[in-house]
Each structure stands twice: as C-alpha cells, then as structure tokens.
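Below you'll find only one chain, the form predicted alone, shown as structure tokens.
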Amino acid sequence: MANFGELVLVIGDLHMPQRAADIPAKFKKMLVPNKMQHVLCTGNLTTRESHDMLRNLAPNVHVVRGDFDDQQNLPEQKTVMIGAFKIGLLHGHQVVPWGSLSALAMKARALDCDILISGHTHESAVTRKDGIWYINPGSVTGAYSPTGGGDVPSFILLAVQGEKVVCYCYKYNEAKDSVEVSKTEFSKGE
C-alpha cells in the first residue's frame, strides 16, 4: 500500500441546509471515516450536524467560524502544524477585498504560516506568492454565493509528506456526473 503521508481534508462553506441540500453523492463516497488524519474547515457549517459529520471523518478536526456560523466557541482563525508546515486557517470574510492575494498575504505574515487556507469566495484555488501557498477549498456543496462563486462543488485533499505537499483539488462536474481532479506539488522553502 502506498504511503501518502498525513492526509488532510480541506473543506468549507457547506451552508447546509440554507443554501444547499447536501454534499454531492460522488463526494460523499470519497469522504469516508478514518482515511484522513486531519480535517481543516474554513467554516460556514451552519449546523451542529455538519460539524459532527466532520468529526466522524478524522481524529484531528480544526474548524474556524464563518460569517454564517452561530457557534461562538469556534475561533476566528488558528494555526496548526502538520508535517513541517505551519498552516493558517480562517474563513476569509475578515479579509477585504475578499479573496485578494495582497490582503491574504498580510494575514499570512501575521500568522507566520507556510500555507494559508481560507474560504468565503466559494471558488477553489491553489496559488503561490512570495513563498507562501494560498489554498481555498471552495464550497463542498456548491452553495450559492452572492460574490458570484460557488456553482461548482469542490474540496481539497493534502498529502503532507514531511517537507513536501501533494495537493489534490476535487471538483464535481454536475453535467457529466463526474469528479475532476487536479494536482499540485510543492515543498517547504520553494
């Protein structure tokens, strides 16, 4: 069996049941308990049931509060160490303009992280700028977003192998009822 390292599910902006009924069935088949070691969630779970579903997927679950989350005990932001990487996690509504790499770079410097994970725009993206990786998992449900994003359900899976990360971006193509996968690899200090 291949050693993928530590598997990290990066997910967010579920907005169930307010903006989306459910996670696509093809994704649900992939998101099975105990395959991943970590879940990093950018928030907007909106219900306790969604939070419980994430806790059933992996032993280490980190969730930050989105602008539609009522759970006051969730932090606005946090950092976690996985492998050799310090990962910053926030929803993204705190960063103006939303999704701006320049604005996100200020947050990444403040958190002193190698990878910054944020959501809110509902658009998946993996971008590198000035030695920092910026990851947005999009919306796993494809929930409507007033910013114009979110019609394509998506999530990210990171395989952290010490000082290397293999990043898989999964997007659901509703017209073809298929999952499309793209892959990016990067190493610490690149």
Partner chain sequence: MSAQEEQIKYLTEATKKVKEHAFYMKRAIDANDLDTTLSLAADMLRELKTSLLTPRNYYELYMSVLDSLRHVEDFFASLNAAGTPVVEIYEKVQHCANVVPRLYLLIAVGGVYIKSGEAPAKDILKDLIEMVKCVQYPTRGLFLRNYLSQTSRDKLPDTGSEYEGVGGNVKDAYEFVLQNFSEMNRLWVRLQHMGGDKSTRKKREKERQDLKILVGTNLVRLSQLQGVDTDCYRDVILPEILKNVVECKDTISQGYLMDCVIQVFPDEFHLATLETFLTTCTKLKEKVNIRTILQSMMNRLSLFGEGEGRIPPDLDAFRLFNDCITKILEERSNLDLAEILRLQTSLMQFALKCYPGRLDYVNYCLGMCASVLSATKSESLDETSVAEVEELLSIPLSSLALQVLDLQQYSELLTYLPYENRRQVATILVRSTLFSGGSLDSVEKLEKLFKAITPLIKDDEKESSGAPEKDEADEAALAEFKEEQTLVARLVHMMKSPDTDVQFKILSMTRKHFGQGGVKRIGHTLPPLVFAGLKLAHKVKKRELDAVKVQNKLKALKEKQEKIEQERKERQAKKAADPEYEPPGPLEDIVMPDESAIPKPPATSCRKVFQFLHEIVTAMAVSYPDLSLKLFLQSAVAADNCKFKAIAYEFMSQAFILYEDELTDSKAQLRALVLMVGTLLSCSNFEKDDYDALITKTTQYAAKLLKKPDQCRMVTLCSHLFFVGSAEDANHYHDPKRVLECLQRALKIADGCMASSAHVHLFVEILNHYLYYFELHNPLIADKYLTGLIALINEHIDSMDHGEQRTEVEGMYRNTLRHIARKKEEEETKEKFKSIVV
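Since this is a predicted model, take the numbers as computed values, not measurements. Positions refer to the first chain, counted from 1.
Below, we refer to the form predicted together with its partner chain, which is not included among the displayed structures.
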Note to self: in the predicted complex, does Arg19 come within 4.5 Å of its partner chain, counting heavy atoms only?
What the structure shows: yes
Next item on the list: Decide whether His93 counts as a contact residue for its partner chain in the predicted complex under a heavy atom distance cut-off of 4.5 Å.
Entry: yes
Margin query: Although the partner isn't part of this model, could you tell me whether Phe27 comes within 4.5 Å of its partner chain in the predicted complex, counting any heavy atom of the residue?
Written below: no
Next item on the list: Look up in the predicted complex whether Thr147 has a non-hydrogen atom within 4.5 angstroms of its partner chain, and give yes or no.
Entry: yes
Item checked: Neighbours of its partner chain in the predicted complex among 57 to 78 [non-hydrogen atom within 4.5 angstroms] -> Arg65, Gly66, Asp67, Phe68, Asp69, Asp70, Glu76
